[in-house]
Structure formats: C-alpha cells, structure tokens
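The form predicted on its own is given below as one chain in structure tokens.
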Amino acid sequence: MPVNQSQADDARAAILERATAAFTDRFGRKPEAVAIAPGRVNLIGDHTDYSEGFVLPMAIDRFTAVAGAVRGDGSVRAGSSREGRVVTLGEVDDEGGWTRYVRGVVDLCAGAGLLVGGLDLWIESSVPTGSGLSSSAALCVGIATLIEMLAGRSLGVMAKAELCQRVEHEYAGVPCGIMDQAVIAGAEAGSAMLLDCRSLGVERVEIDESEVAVLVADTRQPRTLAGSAYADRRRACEEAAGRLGVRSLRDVRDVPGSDDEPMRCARHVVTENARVLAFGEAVNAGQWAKAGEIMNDSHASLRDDFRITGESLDAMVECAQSIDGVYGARMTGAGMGGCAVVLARRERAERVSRELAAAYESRTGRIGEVFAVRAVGGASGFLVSS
C-alpha cells in the first residue's frame, strides 16, 4: 500500500530506537552515537555503473541503523539483531559473512584518518538481504557514518561512498560500481538520483508521489553478488571495451551488432545509458507512460542481451506488465533473483500490489512480496547525549 512521509519517518525513528535499546541491553551502557542508512532501489540503469555510465536509483524507506560507542582497549565488538549475538572481530572463526563489512569499514576509515580506537557496535536492519536492495552497502555506509560522528569529522558524501565501494572490492570480493553507495550516502528525500558514474555528477529527479507509486516486488529468490554471474558480466564488459578500443563502454557511440557475449553485454550498456537519460527526462516531464515503456525496454535488454534476469524475475516482471495501472516494470539490482521495480498509478497501487503477488504465486508457486517504497534522504547520524 502507499507509504506516506509520516510512515517513513516513523520507520526511521522506530529502527533507531531499537538499535539504541539493543545496544544498551547488550553492552550495559548507552551508545555515544547512532547512524542510519537507507536501502535503495534502482529505477533504471543496471550494470552500467562499472562501465562509467548513467544510473538512476533512489534511496528507500528500509533502513539499517547502527548504534556505537568507543572502547578503550582497541578491540571491535559487533552484534546484530539478525545474528542475535555479539562477536569480537579477530576472534571469530570466519569473517566471511557480515563481519567482513564491519572490518573493512573500520580499517579503511582508520586509514582515512578517522581514528576512534576500539568500538562496540549494534546493528538493526529492515533492508532485506539477498534481494537486490543493497543491504551490504547500507551496512557499510551506516557504519562509516557512525564513525564520522564519533571521530568528529566528515569524509564527504562521495569520498564516503568510494570508501564503502572499496570495502566491497577488497573485503567482500564484489567488483561493484559506485551506484549503491553514492545514493545511500547522498540521496535527497522525494527524489531519485541521476548519477554520472564517470564524473560523479548528480542531478535530482523528483518523484511526484501524488501521481505515481514505486513498488518493490521481491521474488524471494535470493542471490549473492560474489557467487552470481555479476563478476562474469563485468569481465565481459571490460573485454568488449578492449575490443572496441575504448576506456570503457561509456565511450561507445554506435550500438554493437555482433552477437557474442561481450558484444551483447556492450549492446545492453550502450542502449541502457540512453534509456537512463530518456527515463529521467520522461519523469521530469510527468510522462509516466513513456517512462514505463522505457523500463519495459530496459528489462528486455537485461533479459535478452545481458542475460542476467532469470526465470523468477522474468515471471514477476511479466506478471506486473499485464496488470492494469502498471506503467512499467523491470528487474532491479544485480539480477539472477532478488527484486523487480514497478511504476504504477498512485490510485491503483494497493490493488496492483495485491494482484501482482497473487499472479506471481499462481505462475511460479513461490510466495513473493510486493510493497510500496518512498524516496527518502541519504545516511545521517548524530551524537547521543549522556
């Protein structure tokens, strides 16, 4: 159902309160600072960011909250509601899960001069994991924002985004672009972010929520970036750029006609960059039907050229596109599972959500989840008074 501003504010306040209370309960003292970072849904422009292209994501009202305080002994202890326990980094048997993100942010923040010593951290999150809504980026940006508060110095939005991107590369082994971290760190409420991934220039694209609703349709088919076709597709794009004699596919002007995998991937990136810009113009003009058609074309390109969608996502998108009141739908995120994003008429949004969930279950036998999201602002933090 539609989400209004007060509901989004309530969700933010509730998760901050949970993080603060859980920290106090687990560590026996109040946190010194808290931070909150949203998840994100990408409206259009997937698999273009690592080719220095254009993307158009928005931060959404699903949040990761981090409460923390400095320790005097230099150790880092972290816990989360999903794990239900506190671990000391360096003492756990395997830092291959969520703790690698904690370790990465702490290490890189220290390397950037944000020195706070040891830390106690507690994490609460309503961003689904494995769904393509950037749970790991929200975690990293949330922790970095908390450390900024404790250190009394800001990295700046894009520097923080780049630091958190490095965590993905160096600690998680995921060769992602800058999109997720940039929008989670720097989004403006009520707007999507048109990001030039070469210059890191940003334009605000306002979402008129009196006319349209953005729905997230979770296939409940989880996927992991490091274990998916993500890295293979990135390598294919790099190979295509080399064969075409350019630094990145951003510099390709003519749509490749060859049909081997690198050239198919290049064709998607080149045409998707044009679609992102056209979509932004359509949204700014309130041309929702046109925006929806561009989303549909984007999904077809991801399915046929980039070949990254998979049966569950294709089913969800095709079900959505058949429902009255839907302007357009496409996969969002890395693909091979996760979520689709749907642009719908505001007055039909609640019915579309119900009909889409039912149609997807009927077609696949899988129970998905469809929910409205709101464009919220980026990460923020504050000190807690004693």
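In case it trips you up, residue 1 is the first one in the sequence shown, and so on. Since this is a predicted model, take the numbers as computed values, not measurements.
Below, we refer to the form predicted together with a small molecule, which is not included among the displayed structures.
Original post:
Taking the shortest heavy atom distance, is residue 122 within 4.5 Å of the small molecule in the predicted complex?
Top reply: Although the small molecule is absent here, residue 122 would stay clear of it in the predicted complex, with no heavy atoms inside 4.5 Å.
**OP:** Using a 4.5 Å heavy atom cut-off, state whether residue 114 contacts the small molecule in the predicted complex.
**Re:** Looking in the predicted complex, residue contacts with the small molecule do not include residue 114, since no heavy atom lies within 4.5 Å.
Original post:
Within a 4.5 Å heavy atom cut-off, is residue 61 in contact with the small molecule in the predicted complex?
Top reply: Heavy-atom contact with the small molecule at 4.5 Å: absent for residue 61.
Original post:
With a 4.5 Å heavy atom cut-off, would you call residue 50 a contact of the small molecule in the predicted complex?
Top reply: Judged by the heavy-atom cut-off of 4.5 Å, residue 50 is in contact with the small molecule in the predicted complex.
Subject >> Listed residue (104, 256, 280, 177) with a non-hydrogen atom within 4.5 angstroms of the small molecule in the predicted complex >> reply: Looking at the other structure, the residue within range turns out to be 177.
**OP:** Select from the listed residues 39, 31, 337, 333 the one whose heavy atoms reach within 4.5 Å of the small molecule in the predicted complex.
**Re:** Exactly one residue meets the criterion: 333.
Subject >> Among 343-351, 42-50, 62-70, 314-322, the region lying within 4.5 Å of the small molecule in the predicted complex by heavy atom distance >> reply: Looking at the other structure, the answer is 42-50.
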